[in-house]
Every structure is written in structure tokens, then in C-alpha cells.
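This document starts with one chain, in the form predicted on its own, laid out as C-alpha cells.
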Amino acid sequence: MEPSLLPVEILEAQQDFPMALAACKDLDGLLRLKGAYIGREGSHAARLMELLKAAPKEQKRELGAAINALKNQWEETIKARQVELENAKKRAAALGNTWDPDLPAPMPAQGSLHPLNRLIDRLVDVFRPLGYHVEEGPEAETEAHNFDGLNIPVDHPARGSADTFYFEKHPGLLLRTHTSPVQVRTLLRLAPHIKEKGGIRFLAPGRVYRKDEIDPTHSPMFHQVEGMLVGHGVGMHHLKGTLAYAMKALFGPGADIRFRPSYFPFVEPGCEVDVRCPLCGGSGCRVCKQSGWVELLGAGLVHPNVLEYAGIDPGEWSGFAFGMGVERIAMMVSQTPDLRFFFENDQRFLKTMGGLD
């Protein structure tokens, strides 16, 4: 197929690859580049194969040959670059083998917080100036806290064994599917003191579990940070102002967010919140799937039934709640193409992410 007839997706991939390769100064960067371009799922090569599937029958042969040639070129170029970087590393190591007794003794590598824990701490620090404190709860939860107290009906799909990990020998006990049970526990505990406190506001970070298949964007275990505020006359304008402040503190003063209507049993009205892609500024890129926006969290005003379950009068008190996935933010900020990198304990990756000093 003549170059002038190639689809724009192939031409863009051809143009972007040399610049991306030139930016790889070490083996860690090359590993990430390999996953982004020729990985099994979510890579440029995988998306081009999807393009081939949708192509007209008469174009498949020539288009398939062009895609395979491009993929083979990437593989050979990456292998050659890997050899260059490995040889450079060996030369540097050989030059550094000269022992100098006057030099200080080498210090052993010291571990530090995992990059996901660092991000959770950063999220908590964003909300502390607004008066939020941290609440925690058990990961093995009851159906009452995980579902009933959140206005989730008994026939809701999330309560099925296909989505939730239940303990076979302990009926009614499960691995929490979100950190929202912490909201229920905290409301129950603080409800008798809500008047003297003038309201409630807190964050609930932690691990959650769902029966998801492991792939580049899903895991049966992941992390969430949820927040809740209950007070007098709390409305959507308070929620929007709070999240706008948080996103600007997290992504910079130019961060822009939008709200889209959505449904969650424990809030009414509910919404999903998108942030203008901080990587491309909204012009469209691989991370935001060319839309210019990235879905970041779910939110809404606390459902009256949730307040009543905790013994709080919804006629006097109202509030909002929000929840965000930590891994989604981490992948977006670091441009990591595969969620599994965060759980494989590869010290090379963790070091590039700031997980090791």
C-alpha cells in the first residue's frame, strides 16, 4: 500500500515512534515504550490490528502487510536499542569498578513508600486544609455496611456472587467492594454528636475487592479514596467547588472539570466527574482516547435513605460524597500503560515511579 494511502493512525504511529524511542535514555524507559507500542493489549500495535479487523475486505491484505511490517520494524528497532543500552550500562559498570579507598562506603538501597501509597497521601493532603480527617474500616465487611446502609437493594447486580467476594463459611461477610462502608460506619458513630460538631467531613482511603478479570486496566484488588461531607444546606454547588479546588491542587491551577449525570444508589442526584486531560490539555491523546477528557470519579448528594439509616434527619441535614480510583489517577499522571506494573514489585519500575529512593 502506497504511503499516501495509509490510514492516518498508521502514519501517526510511524511519526511518533522515533521521537518516543529517542526519549528512552535507559532500559526502564525502553520497557515502557515496548509495552506502549507492541504490548499485547492497549498498545499501538493492538489498536492497529483492531483497525485491520474493521477495514474493507479488499484492503485487508495490503493493510495487514503494512501493519505487520511496521510492527516488525518496531520490534527490531527496540531490540537494537536494548543492545545499545545494555552495552552502555556494562561499560559504565566497568569504568566504575576502580576502587578508591578515599571514597565513602557505598550506602545500601533503602526502600520507601509504594507509589500508590504516596499518591494516597498526596490526595489526603489536598483535602486536609478543608478540614477533612481520615477514617478507616475493615476490609472484611458485612452486607449491612457494604450494601444495606448505602441504599443498595437486595436485587442489585453488585450484590451477586459474580461481582463480590463472599466468605463461604461466614454468611453475610464479604470483602468490601468499595470504601463506602467506612462512610456508613462513621455516620453511625458520629450521628449522636453531629449537632455539637456542626457537621461531619472525612476521607476514607483503602483497598477494595471486586471479581474483575486481570488486564491492563482492571484488577480484583485496587485502591479508592472516598470523601463525605454532611452539614446544613449542602448542595451541588458545594460539591463542585470542593472538587474543583481538589483537582487544581492535584493537577495544577489550569485543571478543568465537568459533571455528567449518572446513577449511584447511595447519592441523589448522582454524577460522574471528568477532568480535562492534563497530558494533552484537551486536544486529544491516547490516554483520553482522543476525547480531551478523562473520567476520574463518581459523586453526588448523599441519598436521604443513607442519612436515615445512620439516624440523621435528612430534613435538617444534607451532604455530598465522592469516590475516586487511585490506580486510574496514577496511570494517567505517570502515563503507565498497564495497571499490573504497580503490583509486580519490579524495583526498576517502582524506582522510576518514585517508589524507591
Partner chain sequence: MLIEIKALQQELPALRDINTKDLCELLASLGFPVDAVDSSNGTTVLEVDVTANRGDVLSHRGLARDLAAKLETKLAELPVNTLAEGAPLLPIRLESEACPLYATAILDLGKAQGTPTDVQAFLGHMGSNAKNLPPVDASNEILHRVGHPTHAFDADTIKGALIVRWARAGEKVVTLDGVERTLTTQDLVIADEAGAIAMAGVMGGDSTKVTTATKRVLLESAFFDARTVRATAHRHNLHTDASYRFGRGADPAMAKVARDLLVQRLEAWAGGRLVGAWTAGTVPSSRKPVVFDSSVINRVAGESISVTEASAQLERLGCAVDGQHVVPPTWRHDLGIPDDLAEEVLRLRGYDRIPSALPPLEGSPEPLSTGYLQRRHLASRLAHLGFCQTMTYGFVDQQEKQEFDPDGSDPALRTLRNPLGEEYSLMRGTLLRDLRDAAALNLDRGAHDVRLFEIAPVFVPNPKNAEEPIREIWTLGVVWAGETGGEDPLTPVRNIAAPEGKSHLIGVLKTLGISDDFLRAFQRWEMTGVVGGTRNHIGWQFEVPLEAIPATVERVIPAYSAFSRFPTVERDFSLLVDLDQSYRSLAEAMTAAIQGAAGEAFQDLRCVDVFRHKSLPDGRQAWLLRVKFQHPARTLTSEEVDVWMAAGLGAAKSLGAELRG
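Only a predicted model underlies this, so the values are computations on that prediction, with no experimental measurement involved. Positions refer to the first chain, counted from 1.
Omitted from view is the form predicted in complex with the partner chain, to which the following refers.
Only one listed stretch (196 to 204, 67 to 75, 276 to 284, 86 to 94) carries heavy atoms within 4.5 Å of the partner chain in the predicted complex, and that stretch is 196 to 204. The three marked residues, V134, P220 and H223, each reach the partner chain in the predicted complex, with a heavy atom inside 4.5 Å.
Proximity of P304 to the partner chain in the predicted complex falls within the 4.5 Å heavy atom cutoff. In the predicted complex, the partner chain sits within 4.5 Å of a heavy atom belonging to E139. Contact annotation for D256: none of its heavy atoms lies within 4.5 Å of the partner chain in the predicted complex. Taking the partner from the other structure, the partner chain in the predicted complex has no heavy atom within 4.5 Å of any heavy atom of Y309. None of A144, L173, A191, A249 but one reaches within 4.5 angstroms of the partner chain in the predicted complex through a heavy atom, and that residue is L173.
Residues of 234 to 251 lying near the partner chain in the predicted complex, listed in sequence order, are V234, G235, M236, H237, H238, K240, G241, T242, A244, Y245, the criterion being any heavy atom within 4.5 Å.
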